[in-house]
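We begin with a single chain expressed as structure tokens, specifically the form predicted alone.
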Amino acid sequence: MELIRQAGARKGARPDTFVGWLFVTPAILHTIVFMAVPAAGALFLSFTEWDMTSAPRWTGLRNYQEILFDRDLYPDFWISVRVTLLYAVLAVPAALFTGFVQAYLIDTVRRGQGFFRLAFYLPVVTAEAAVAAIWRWLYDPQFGLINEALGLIGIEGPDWLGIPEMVVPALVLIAAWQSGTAMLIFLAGMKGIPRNLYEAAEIDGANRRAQLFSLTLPLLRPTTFYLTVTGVIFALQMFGVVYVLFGRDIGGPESAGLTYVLQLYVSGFRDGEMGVASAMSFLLFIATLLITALQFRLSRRDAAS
């Protein structure tokens, strides 16, 4: 380290600045090589017709026009948009609620917090293929554990993955089960709330319910906002679980599980329309950007009021 500082000093630069650039250079190179360059390439391909076997042919905005307005040519595009938006609207609140409840319960127990953190976080680090395989068995209409449990209380379980109306709720349940990341961040937020605030609330006669709604939830508003923004972004990119869940029956019954990224994958790698797939990826990028900007705007308005 001393040699690096001396080298930086000899070149006239501040040693701390030289060391700082040394640390951030790998990240900058990674961003340029693996993110910026492929993104620029995909943007170029979105204006072309390319089947991965011949040279790309420039078509201008035709891919965007056909995707957005030609329902005969791409009948599943708006279906995938509807499925993805419905999934995001239901899955993000479900995951936030589950994560918060888990964090709140862990924060109240005195022993075994490490075990519960590990147990609730395991679904997050489990491979998506394994998650989908497990839930495919759980949702099995004849041998699945969920319908077996419902049968014990006299409820006949549905064919979760065979009825179009049940597909998105089934995916939302999986998202709620994988709420370990929200649990950890909520728990960190709860640990950051000064305990003397709760002591003062107890002195004023506030019970646990009043403390929850008057102290914990308001002070966790920035944490909730962050989790909402990141949760929406991840929900819009739903792919791996639905791809494995339905296998060759892509999107499930009546395309009820055809998410946007799954439709993008079908266009690019099954139909060989990489130009169309690239255009769809940039439409998703623009939509994600607009939704995130809207969330920040609403958050600022809420904070100002």
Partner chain sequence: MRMAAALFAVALAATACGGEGAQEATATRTVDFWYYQPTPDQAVKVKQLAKDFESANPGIKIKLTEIPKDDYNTKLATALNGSGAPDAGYLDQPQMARFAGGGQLAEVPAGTIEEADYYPGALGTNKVAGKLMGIPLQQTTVVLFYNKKYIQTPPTTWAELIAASEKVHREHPNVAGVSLPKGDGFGAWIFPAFVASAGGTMVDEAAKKITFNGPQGQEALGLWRTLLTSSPRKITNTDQAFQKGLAAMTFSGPWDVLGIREQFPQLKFGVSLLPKKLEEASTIGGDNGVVFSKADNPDAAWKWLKFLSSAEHNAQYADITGNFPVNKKAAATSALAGDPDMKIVIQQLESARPRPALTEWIKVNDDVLAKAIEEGVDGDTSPAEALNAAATRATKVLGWS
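Values in this document were obtained by computation on a predicted structure and should not be read as measured data. Positions refer to the first chain, counted from 1.
Only in words, not in the display: the form predicted in complex with its partner chain, which the text now covers.
Enquirer: Using a 4.5 Å heavy atom cut-off, which of 114 to 122, 99 to 107, 76 to 84, 229 to 237 contacts its partner chain in the predicted complex?
Expert: In short, 76 to 84.
Enquirer: To verify the annotation, which of these, M52, L29, L61, M35, has a non-hydrogen atom within 4.5 Å of its partner chain in the predicted complex?
Expert: Comparing distances to its partner chain in the predicted complex, the residue within 4.5 Å is M52.
Enquirer: Which of D159, E202, E128, E148 has a heavy atom within 4.5 Å of its partner chain in the predicted complex?
Expert: Filtering the options by heavy-atom distance leaves D159.
Enquirer: Taking its partner chain as it sits in the predicted complex, is Y243 in contact with it (heavy atom to heavy atom, 4.5 Å or less)?
Expert: Taking the distances in the predicted complex, the answer for Y243 is yes, it comes within 4.5 Å of its partner chain.
Enquirer: Given that its partner chain is not shown alongside this chain, does R136 nevertheless sit within 4.5 Å of it in the predicted complex, heavy atom to heavy atom?
Expert: It does: once its partner chain is placed as it appears in the predicted complex, R136 has a heavy atom within 4.5 Å of it.
Enquirer: Mark Q142 yes when one of its heavy atoms lies within 4.5 Å of a heavy atom of its partner chain in the predicted complex, and no otherwise.
Expert: The answer is yes: Q142 has a heavy atom within 4.5 Å of its partner chain.
Enquirer: Taking heavy atoms only, is S46 within 4.5 angstroms of its partner chain in the predicted complex?
Expert: Flag for S46 set to no.
Enquirer: Need the contact residues for 178 to 212: heavy atom within 4.5 Å of its partner chain in the predicted complex, sequence order, or none if there are none.
Expert: The stretch does not touch the partner at all.
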